[in-house]
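A single chain comes next, written as structure tokens; it is the form predicted alone.
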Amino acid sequence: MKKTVRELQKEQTKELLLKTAYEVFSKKGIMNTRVSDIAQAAGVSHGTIFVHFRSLEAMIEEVVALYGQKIAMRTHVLAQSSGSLSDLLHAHLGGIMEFEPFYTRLVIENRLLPPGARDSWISIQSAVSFHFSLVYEREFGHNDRSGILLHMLFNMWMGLVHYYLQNGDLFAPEGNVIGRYQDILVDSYLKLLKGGRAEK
């Protein structure tokens, strides 16, 4: 059944609000943003927001779900062609880089987010963890003598990346942490796995 002009306009307005909220969240922070900030940036009335979302919390959950899925999918696509752990780590950072300001807000604010948004955050990490496990076991298999559990190795990688993003104002004041530190992060992590020995 063909959609009416009104239905199409309603869909377009909702898409505009989601995109605008994403941009405002990326700049101001998710929990610091008010409905009026999004309405003003989108050029709509305050009431228009509530035609599409029952509350700011519902909007946050939908934005995080939508862009979380985009981040996870981008990482998934890049990770598909990963032949080594190094390739995968670069793919992971590549998936983040496209959405870095928003992803950084998720890193900083994830414990404050509404439950649905927290679930989306966990889904992003799960998608990366899945690929990490596959590639790590394929590359190292039973020859891994690090003695460190696989999930701890994954958590170490995530902790390293998130530490740099959380402190981006120190590491990359211009705002592009991943672009500036991608190779350093990957090389340093791989050296840690090999006991500090230089990679050959």
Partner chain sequence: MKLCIACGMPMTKPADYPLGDESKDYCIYCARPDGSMQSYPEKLEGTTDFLIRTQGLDRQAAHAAAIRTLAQLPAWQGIQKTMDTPSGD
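Positions refer to the first chain, counted from 1. Please read all numbers here as calculations on a predicted model, not as lab measurements.
Unshown form predicted in complex with its partner chain; subsequent notes refer to it.
Chemist: Would you check whether its partner chain, in the predicted complex, lies within 4.5 angstroms of a non-hydrogen atom from each of Q80, S123 and N155?
Modeler: Spot residues vs its partner chain: full contact, yes.
Chemist: Pick the stretch from 48 to 56, 133 to 141, 160 to 168, 27 to 35 whose residues have a heavy atom within 4.5 Å of its partner chain in the predicted complex.
Modeler: Correct option: 133 to 141.
Chemist: Taking any heavy atom pair closer than or equal to 4.5 Å as contact, tell me whether L150 reaches its partner chain in the predicted complex.
Modeler: Contact with its partner chain, yes.
Chemist: Any of the heavy atoms of S129 lying within 4.5 Å of its partner chain in the predicted complex?
Modeler: Flag for S129 set to yes.
Chemist: Although its partner chain is absent from this view, report whether M73 comes within 4.5 Å of it in the predicted complex, heavy atoms only.
Modeler: Residue-level check for M73: yes, a contact with its partner chain.
Chemist: Would you classify E98 as touching its partner chain in the predicted complex, given a 4.5 Å non-hydrogen atom cut-off?
Modeler: Judged by the heavy-atom cut-off of 4.5 Å, E98 is well away from its partner chain in the predicted complex.
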